[in-house]
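Below you will find one chain, with nothing else, as structure tokens; this is the form predicted alone, and questions on how it binds or moves follow later.
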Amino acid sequence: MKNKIIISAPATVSNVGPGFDIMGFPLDVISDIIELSRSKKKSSGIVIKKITGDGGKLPYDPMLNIASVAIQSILDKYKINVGLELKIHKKIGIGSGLGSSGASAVAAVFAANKLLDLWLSKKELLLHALAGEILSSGSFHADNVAPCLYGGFVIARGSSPIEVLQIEYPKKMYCSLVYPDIEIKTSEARKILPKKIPLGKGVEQAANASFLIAGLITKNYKIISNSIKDVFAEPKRAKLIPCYDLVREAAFKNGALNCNISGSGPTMFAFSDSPQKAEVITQAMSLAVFDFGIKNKSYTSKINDKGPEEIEDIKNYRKVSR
């Protein structure tokens, strides 16, 4: 029986153009890390002992923290009376559009499942991770949590019961990302979205999403390129990112298949068909943000097929940004 476990869970790109609230994939270059230990004291419940990398933004109250709420959901469901100590290491920017809250929730439930020898399935863990994610975004959607937990390119249907499907995609496809140093809260980014969608826009969005999935499965880069278009969320959210147009222009000039906002932003991503081209695109996107006068972090990544993983040593964990 283990007394401590360390789990990393990857950042994710969600929406992916027309896949609003239903599509996403994890990255292999940046992750949040959770340390979960059995309490040495004869006590029950969760105590948050340490939080790093959050700039003092995250609460130590276990009823208000995403990671502890997700774990508590498991303890309540299975009536487990145990004392746990939690340390949270934030590597993914809060409000970055890279699934920071989802990664912490996934790492937390994955850690609890292993530490307590519960042998819960990913489908079962997903519901508990979502308990934490809902606390952050105020809505029930799995386009960050599901890909983070399952790995690969994922589509998720948030109806009851929730359904998750991993689909094939071109393994040579790479993702370039730039994270401007501005914060956009998911809950605020959702408030600016239209409450009703005109029929024509709905049909166009559905067609784009359908063709994107078909392009991924058939490894047709032209279809992928032509289908990564969001006709109702991105036009609204683009106004929250002052360097949006410059980043897209830089990406396309350097051969990107397409360029969109990740999640609620401000991170933007672009697909390409080789690692060499992806590196060039990443540098061009980052330079565009710098030229606008905004600091940023940038990443080049493949799609992560693993999802969360157990690690031995935080200090030697390699996943860092430029």
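Residues carry their position along the shown sequence, with the first being 1. Model, not experiment: these values are computed from the prediction.
The protein also exists as the form predicted together with L-homoserine (HSE); that form is not presented, and the subsequent description refers to it.
- Using a 4.5 Å heavy atom cutoff, none of Pro180, Arg248 and Ser286 lies near L-homoserine (HSE) in the predicted bound form.
- The shortest heavy atom separation between Asn15 and L-homoserine (HSE) in the predicted bound form is within 4.5 Å.
- Among heavy atoms of Thr186, some come within 4.5 Å of L-homoserine (HSE) in the predicted bound form.
- Although the partner is absent here, Arg237 lies within 4.5 Å of L-homoserine (HSE) in the predicted bound form, judged by heavy atoms.
- Although the partner is absent here, His141 sits close enough that one of its heavy atoms falls within 4.5 Å of L-homoserine (HSE) in the predicted bound form.
- Site annotation in the predicted bound form: the residue of Lys122, Lys229, Arg190, Lys90 reaching within 4.5 Å of L-homoserine (HSE) with a heavy atom is Arg190.
- Site annotation in the predicted bound form: the residue of Asn65, Thr282, Ser264, Asn260 reaching within 4.5 Å of L-homoserine (HSE) with a heavy atom is Ser264.
- Comment: 141 to 149 is the region of 141 to 149, 167 to 175, 202 to 210, 70 to 78 lying near L-homoserine (HSE) in the predicted bound form, near meaning a non-hydrogen atom within 4.5 Å.
- In the predicted bound form, Asp21 is the single residue of 21 to 50 with at least one heavy atom within 4.5 Å of L-homoserine (HSE).
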